[in-house]
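As structure tokens, one chain now follows by itself in the form predicted alone.
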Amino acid sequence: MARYVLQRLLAMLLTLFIIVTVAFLVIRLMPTSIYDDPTISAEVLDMIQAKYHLDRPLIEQYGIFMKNVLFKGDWGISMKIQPNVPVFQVLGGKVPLTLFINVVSLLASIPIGLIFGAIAAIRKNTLTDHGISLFVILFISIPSFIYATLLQYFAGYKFGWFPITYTVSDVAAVKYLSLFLPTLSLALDPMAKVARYMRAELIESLNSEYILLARTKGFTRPKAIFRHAIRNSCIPVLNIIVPMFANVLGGSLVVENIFAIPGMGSLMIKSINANDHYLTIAILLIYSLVSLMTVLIVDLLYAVIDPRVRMGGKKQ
């Protein structure tokens, strides 16, 4: 088990290296300049470019960047958003807020989706099943930012149940209350996807031979469902968690701007528009690291849900 985790961690580091390399090259090849202020004189611009090695060939710039990263832990400074401030210092107050709304929305959507998917499968072709399926189609078809706008207008502006935008307050209840609507709007899509997959897998499990065998051994239908069918149906659902979490992260880019949340999503859009290259690379690194950690957690969960799964592909 420890060897498998170590192998996965090494693979994660290699993947992060490739992502950072591609991000650096793509961003620096964009037809824009970091310093495009027309008020800066040519002499001052040459001095700035020489200081930050922007006057050197691209491959040499990449070598200097990776050398600073690997040996000094220096990911560069922000050029535009907060000039001369290290990029991870800029991200210091942004990462926890973004991770909170994304992780909470995903963690809340998984059990709710499993419950509604199981109910729809058990009550197949009934009014309950049709109602759940209708909401599943709606939540999957409509983007999260549409729900964010509707929730902001009705629940925030029209009825005044929640703050319209993010509220900075020393009172924790007020701050977290203002995060409820963006978290809910991000949770609807993954909740619907989990419910859809769970319904399909559980219906297949209920019609399988091992459920029939369990019934012949004296198991009641509810006991056979909870002891065997639901547990086996949860295994394929894990496959959709990784892309689902990536979709939630992508949706938060827009949702954070709608609710004026000072997180990584709004900061990433600002850094791209401002050509703040090092800050953009750092944000991409955080997003990639979170996604890869999700992949590792999902792989480890296979052994928890189904002990027959052998870590590392080895037979025992």
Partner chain sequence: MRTFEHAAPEYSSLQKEDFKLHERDDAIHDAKFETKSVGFFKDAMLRFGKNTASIIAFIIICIIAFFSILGPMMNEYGYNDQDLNRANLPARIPGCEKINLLNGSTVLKNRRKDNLTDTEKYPEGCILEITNESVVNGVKMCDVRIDTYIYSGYGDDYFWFGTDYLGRDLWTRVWRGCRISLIIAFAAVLTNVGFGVIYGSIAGYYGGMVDMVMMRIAEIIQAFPNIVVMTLFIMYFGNGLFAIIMALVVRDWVGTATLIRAQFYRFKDSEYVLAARTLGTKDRTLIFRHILPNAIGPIVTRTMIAIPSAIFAESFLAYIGLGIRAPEASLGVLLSHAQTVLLQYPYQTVFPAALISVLMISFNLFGNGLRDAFDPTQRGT
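Numbering follows the first chain given and starts at 1. Note that this is a predicted model, so its numbers are computed, not measured.
Omitted here: the form predicted together with its partner chain. The next part is about that form.
- Contact with its partner chain in the predicted complex holds for none of 9, 66 and 240, as no heavy atom of theirs lies within 4.5 Å.
- The closest heavy atom approach of residue 61 to its partner chain in the predicted complex falls outside 4.5 Å.
- In the predicted complex, residue 50 stays away from its partner chain, with no heavy atom inside 4.5 Å.
- Among residues of the shown chain, residue 178 is not one whose heavy atoms approach its partner chain to within 4.5 Å in the predicted complex.
- In the predicted complex, its partner chain stays beyond 4.5 Å of every heavy atom belonging to residue 135.
- Contact with its partner chain in the predicted complex, judged as any non-hydrogen atom within 4.5 angstroms, is confined among 88 to 96, 74 to 82, 149 to 157, 103 to 111 to 149 to 157.
- Residues of 265 to 298 lying near its partner chain in the predicted complex, listed in sequence order, are 268, 269, 272, 280, 284, 287, 288, 291, 292, the criterion being any heavy atom within 4.5 Å.
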